[in-house]
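Shown here is one chain on its own, the form predicted alone, set out as structure tokens.
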């Protein structure tokens, strides 16, 4: 059995890599980090024209209709460059609508997400990033067939730039009495605040709901029965973050290897010292290991396999643990200069700090693996 990428997928990788190398090297990434929006609208429009934004959106919704394995190819290269864009959040919002929406809802929201004219975001996790059903505290008070939202959502990726927000909220007293709905940025009573984090290439925000009305035709699925959809969306998000982590970890390894082959100490290139060679070799082994787990998880998501949640948690647990260590070791192998703003390696350390808890840290996913295995 061939577990490699197809010729078309390798061509897609080459095109993404060429686009990013030409249009957004790390020098440009630094400039975009300092802008109010945190990304380039012109580059975003070009990505949408190339079909990358709508890659996993169904053809009926205006997308390309490809799968998660194809998306992994794009996200790896995006992660390698630390390319600032709302790609990940928009893909997740579109997936929520594509999987759970009615035909009318898909026609209403998917075309704008696919062509990049509207940016999406997901606010599905609970307080402080909790991933369990009990952690979702935002309440939706029944108002006829509609609901009124009061509360807040923390740590929402790309919230400040989003036009469409997929929001999870509580609609009953039971632990899993949860609903999903689309809330548009223009909704009365919705206030969005930026939340500055260590990683300036990844924008986060807070959502404040003050009597925000959610109509019945904005609900994705039936009220009070969305927990399975939320769990699946969290798995998709964790797998997507893993793909970015693969590329970012490889980017950090390349920067560090190049530095080791240029830096001279005691009359020798430091890359010749065992104290440098061995950590670099360990980084490579770790990356190859969680890369394989990531690919397998993406394939199972495409196949709608019941084993997908287990595979996703294995991948995210290993990646969260390894990438955090790779970020620290890469900076240390640069010596004291690795911590300075002038050197790019500190950008990768900061991405590792963001990615580690995103949609579940190593501890959460190791515990979930044990639970899914019946321990």
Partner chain sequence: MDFNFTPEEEAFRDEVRAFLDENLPENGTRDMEAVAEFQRRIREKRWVGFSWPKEIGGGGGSIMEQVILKEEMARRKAPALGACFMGLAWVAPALIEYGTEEQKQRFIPDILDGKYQWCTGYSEPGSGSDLASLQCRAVREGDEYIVNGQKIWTSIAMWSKWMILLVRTQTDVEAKHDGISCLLVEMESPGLTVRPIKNMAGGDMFAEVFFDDVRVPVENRLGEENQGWKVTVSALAHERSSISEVYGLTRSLERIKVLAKSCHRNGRPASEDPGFRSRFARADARIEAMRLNGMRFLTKQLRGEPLGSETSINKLHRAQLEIELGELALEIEGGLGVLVQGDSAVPDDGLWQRHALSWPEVVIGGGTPNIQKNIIAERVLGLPKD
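Quick caveat, the model's predicted, so the values are computed rather than measured. Numbering follows the first chain given and starts at 1.
We do not show the form predicted together with its partner chain, though everything after this point is about it.
*Asks:* Considering its partner chain in the predicted complex, which of 228, 104, 137, 281 comes within 4.5 Å of it through any heavy atom?
*Replies:* Going through each option in turn, the one that passes is 281.
*Asks:* Would all three of 36, 123 and 354 be in contact with its partner chain in the predicted complex, where contact means some heavy atom lies within 4.5 Å?
*Replies:* No, none of 36, 123 and 354 comes within 4.5 Å of its partner chain in the predicted complex.
*Asks:* In terms of non-hydrogen atoms within 4.5 angstroms, which of the given stretches 140-148, 203-211, 273-281, 176-184 touches its partner chain in the predicted complex?
*Replies:* Going through the listed ranges, the match is 273-281.
*Asks:* Would residue 288 sit within 4.5 Å of its partner chain in the predicted complex, counting heavy atoms only?
*Replies:* Judged by the heavy-atom cut-off of 4.5 Å, residue 288 is in contact with its partner chain in the predicted complex.
*Asks:* Does at least one non-hydrogen atom of residue 363 fall within 4.5 angstroms of its partner chain in the predicted complex?
*Replies:* Yes - in the predicted complex, heavy atoms of residue 363 and its partner chain come within 4.5 Å of each other.
*Asks:* Do residue 292 and its partner chain come within 4.5 Å of each other in the predicted complex, heavy atoms counted?
*Replies:* Close contact exists here: in the predicted complex, residue 292 approaches its partner chain to within 4.5 Å, heavy atoms only.
*Asks:* When the contact criterion is heavy atoms within 4.5 Å, does residue 198 count as touching its partner chain in the predicted complex?
*Replies:* The answer is no: residue 198 has no heavy atom within 4.5 Å of its partner chain.
*Asks:* Would you give me the residues of 152-172 that have any heavy atom within 4.5 Å of its partner chain in the predicted complex, in order from first to last?
*Replies:* Nothing in the stretch sits within 4.5 Å of the partner.
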